[in-house]
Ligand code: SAM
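Just one chain follows, in the form predicted alone, and it is written as structure tokens.
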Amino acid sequence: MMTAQTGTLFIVATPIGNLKDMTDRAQDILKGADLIACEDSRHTGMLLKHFDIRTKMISFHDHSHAGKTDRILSELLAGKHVALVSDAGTPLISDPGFPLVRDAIQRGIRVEGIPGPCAAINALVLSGFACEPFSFFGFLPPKDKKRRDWLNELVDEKRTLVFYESPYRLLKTLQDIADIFGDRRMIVAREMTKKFEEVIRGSAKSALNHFEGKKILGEIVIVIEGVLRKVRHE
């Protein structure tokens, strides 16, 4: 059971681009926390400087050893309040943090979410495809064969499909989608909420034509329409 001396682990969403998307509540939590566990202290440091937040940071990412998790849990069990942030968006959504949150819950530590931006959800609602139901898969496998195997397993899926992708693999992935999904409708959303945001609509082939020969930068979300279902009339 949670004791009066136990601190709170706050899961704090931060902007995916436009800093004006930072909520007042998120700023208050980061200012009031005893410690901020962040994916990259340099990146988060710029965010904190912009909002004049001076809370101490500790790096916490996919390659952090178990000792970092234990240290954060110890702080929480000692009554300290810790805010968990990623480089952008909502922590744990293809970002570090799941083991920490899981272990905190198992130890009876209070966990509270501070909602805000999420690239996957933003791209989904921009897509114009059905949002109920949908499936989010994070990043596609980087290896060509495994990626194609994944896509082949999903080609008959009725749910809207949402993926993240690296700009360095986008062309290969679009070619795989074109080969497997044909002319299925999809979007590629890039640099959302930033100055050079673009949402490319159409098929994988048309998106491939758009990006070929260009320098591709920024965070990328791919949304593929599910196999269309027959609408039942009541």
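All residue numbers refer to positions in the sequence shown, first residue = 1. Keep in mind the model is a prediction, meaning the values are calculated, not measured.
What comes next is about the form predicted together with the ligand, which does not appear here.
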| said: Each of 6, 35 and 107 having a non-hydrogen atom within 4.5 Å of the ligand in the predicted bound form: is that the case here? | reply: no
| said: Quick check on this chain: which one of 174, 29, 53, 189 has a heavy atom within 4.5 Å of the ligand in the predicted bound form? | reply: 189
| request: Counting non-hydrogen atoms within 4.5 angstroms of the ligand in the predicted bound form, say which of 154, 101, 118, 77 makes the cut. | output: 118
| field | Which of 202-210, 44-52, 178-186, 162-170 sits within 4.5 Å of the ligand in the predicted bound form, heavy atom basis | value | 162-170
| field | is_contact(residue 61, the ligand) in the predicted bound form, heavy atom dist at most 4.5 Å | value | no
| message | Test of understanding: in the predicted bound form, would residue 86 fall inside 4.5 Å of the ligand by heavy atoms? | response | yes
| field | Non-hydrogen atom contact residue 194 with the ligand in the predicted bound form at 4.5 angstroms | value | yes
| query | Taking the shortest heavy atom distance, is residue 224 within 4.5 Å of the ligand in the predicted bound form? | reply | no
| field | Members of 131-145 lying within 4.5 angstroms of the ligand, judged by heavy atom, in the predicted bound form | value | 139
